[in-house]
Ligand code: NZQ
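One chain comes next, on its own, written out as structure tokens in the form predicted on its own.
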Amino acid sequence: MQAFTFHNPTRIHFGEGQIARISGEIPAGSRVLLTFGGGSIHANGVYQQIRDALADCTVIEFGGIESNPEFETLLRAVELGRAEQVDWVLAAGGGSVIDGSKFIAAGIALDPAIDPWLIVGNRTPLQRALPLGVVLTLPATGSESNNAAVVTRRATQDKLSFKNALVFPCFAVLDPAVTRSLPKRQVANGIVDAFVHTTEQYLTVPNAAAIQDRLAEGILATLIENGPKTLNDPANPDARANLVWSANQALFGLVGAGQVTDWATHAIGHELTALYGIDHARTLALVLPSLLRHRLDDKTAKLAQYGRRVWSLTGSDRAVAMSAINATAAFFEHLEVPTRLSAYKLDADEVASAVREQLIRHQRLQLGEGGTLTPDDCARILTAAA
């Protein structure tokens, strides 16, 4: 196992009724920018619970943050936050709202003379950010307790990330009960997102990180067991609670601690979303099985371990590795998340060429845990996903 430092300052309040805990996290008298997406928090009861908890604060609302939060929208929130002199940001939503709110918290505190787009890609140092809290309504990204965010700039077809310790949420409320009203598509997307977050840190090379491996395998097995249960029985409280916690732990930081990680599936997937508007999780389902087949020789050892421990497969290492890839693709398809570009009526050769050009433009020239995946390799991966 490699040397590592683990740091996660987010306090997590897990369970039904925990939104009330916000009153003990955000000081009375604070000016709070409440950020959210399309307004589902009004229908599922989250909004009123938040307003009750913030009865002693001034609340300024900013809604309309998109799936794949857009830079132009977030700039309006930054301007509002500055004008209203807010001192807290509270995100109520899923990964997109939370990611966007990380940018907002950093943007409000940024020197106005600096172009806020430089936050994305870590191209300007951050001196401070407003404190950020989260009420999670969609389990998927784990963004509620990590320091990473992804922002889209539609005008230039860019979808890029940034990381900074200053945007770790100070606290996160995870109440599984508020996720019961989610559409099946969003639940399925969340399952796939959490699954691929885990495999990107786990399906690399043997690294003698026994605890991290077992944690990854436990998350994957829990998603396989509880994901379909949650889809088929939305009122099942235990399945839903385990799904919410799995998604959080997938990108909490422990799975990848001391590990060699990959993230090529995400890099390719981000370009697919930027170019074609495909849901983030669905791009991951398109890419991962094809990428694993392309890199079978490099990943056989971990794929075989994964196949035996998670899918209970038997046989030679190579046979188990191949069967594990097939089982993964079948699981995604069982969730009604396609693994082939044909499901989106897209020409694989055209997609491959377009993504290759985007990767070159964004200087993503050496992807994967060993830095061996070139844009040409990524194009071949997409062609094979026809």
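Keep in mind that what you see is a predicted model, and the values were worked out from it rather than measured. Heads up: residue numbers just count along the shown sequence, starting at 1.
Form predicted in complex with ligand NZQ: not shown, discussed below.
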The one residue among 241, 255, 292, 138 placing a heavy atom within 4.5 Å of ligand NZQ in the predicted bound form is 138
Just one of 224, 148, 275, 260 has a heavy atom within 4.5 Å of ligand NZQ in the predicted bound form. Which one? 148
Options 73-81, 303-311, 149-157, 227-235; stretch whose heavy atom lies within 4.5 Å of ligand NZQ in the predicted bound form: 149-157
Decide whether residue 271 counts as a contact residue for ligand NZQ in the predicted bound form under a heavy atom distance cut-off of 4.5 Å. no
Residue 169: touches ligand NZQ in the predicted bound form, heavy atom cutoff 4.5 angstroms: no
In the predicted bound form, does residue 67 have a heavy atom within 4.5 Å of ligand NZQ? yes
With a 4.5 Å heavy atom cut-off, would you call residue 186 a contact of ligand NZQ in the predicted bound form? yes
For the stretch 167-186, return the residues whose heavy atoms include at least one within 4.5 Å of ligand NZQ in the predicted bound form, in the order they occur. 178, 179, 181, 182, 183, 186
